[in-house]
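So this first bit is one chain, no partners, the form predicted alone, shown in structure tokens.
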Amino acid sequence: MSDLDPWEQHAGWWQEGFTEGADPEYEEQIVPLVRHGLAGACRVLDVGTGEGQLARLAQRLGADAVVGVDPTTAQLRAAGERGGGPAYARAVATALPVRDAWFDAVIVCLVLEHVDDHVAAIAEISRVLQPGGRLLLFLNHPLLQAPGSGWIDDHILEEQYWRIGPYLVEDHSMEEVAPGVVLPFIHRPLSGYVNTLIDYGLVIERMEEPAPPAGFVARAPEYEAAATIPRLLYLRARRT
């Protein structure tokens, strides 16, 4: 991965805006779900760990061994500097540098929508999970956050509604998520994820579609009218 890679270029933007308590969606929504989902986990792998905030959480929760993997050197450098106990390795989701059936929990948070080959990534996650091990999978909601989706305030028809973009069409795009910050996103229908989980022996045992948290709506008052539309999808699956 070169320094021209967008993830390398914008690692600092991510660290400043989404870690160390800066982001209400992480603090009020993702972190509590991870905390609950990891209860009792001993060996935890965080795929796409970034600067390691969820890996550090797993360590604080009492896991015996925590490993975070990420392809971005700038993120791993920050993870090492922030410490907290986890071990880190540079790797992609489709080629995890760990042995079979070693982890009893794997976290994949807002990662697969940036991975070209989600089938290979899920196959790898299944490979490294022990039988009975759990997967905590977080996605930008594939239906309600499809490309072109958004709140419509139609002053002509005097209607307000959430428009859903072309949901069934797989879409690879570069999105400007902040001024000057352009990152790759891949939209897939939910069935593409669920059926692949099933194919690799990962059975869904819990699904959550949480409403945007109060802290997010307070920062984005324009979203208040759409506060009943989830931005996040959480699936907890078990390795058979």
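It should be emphasised that the depicted structure is a prediction, and the values quoted were computed from it without experimental measurement. Just count from 1 along the sequence shown to find any residue number.
Below, we turn to the form predicted together with a small molecule, even though it does not appear here.
Against the small molecule in the predicted complex, the set Trp14, Leu54 and Pro71 is in full contact: each member has a heavy atom within 4.5 Å. In short, of 165-173, 124-132, 110-118, 142-150 it is 110-118 that has heavy atoms within 4.5 Å of the small molecule in the predicted complex. Residue contact check for Val92: one or more of its heavy atoms lie within 4.5 Å of the small molecule in the predicted complex. By the criterion of a heavy atom within 4.5 Å, Trp7 is counted among the residues contacting the small molecule in the predicted complex. Heavy atoms of Gln29 never reach within 4.5 Å of the small molecule in the predicted complex, leaving it off the interface.
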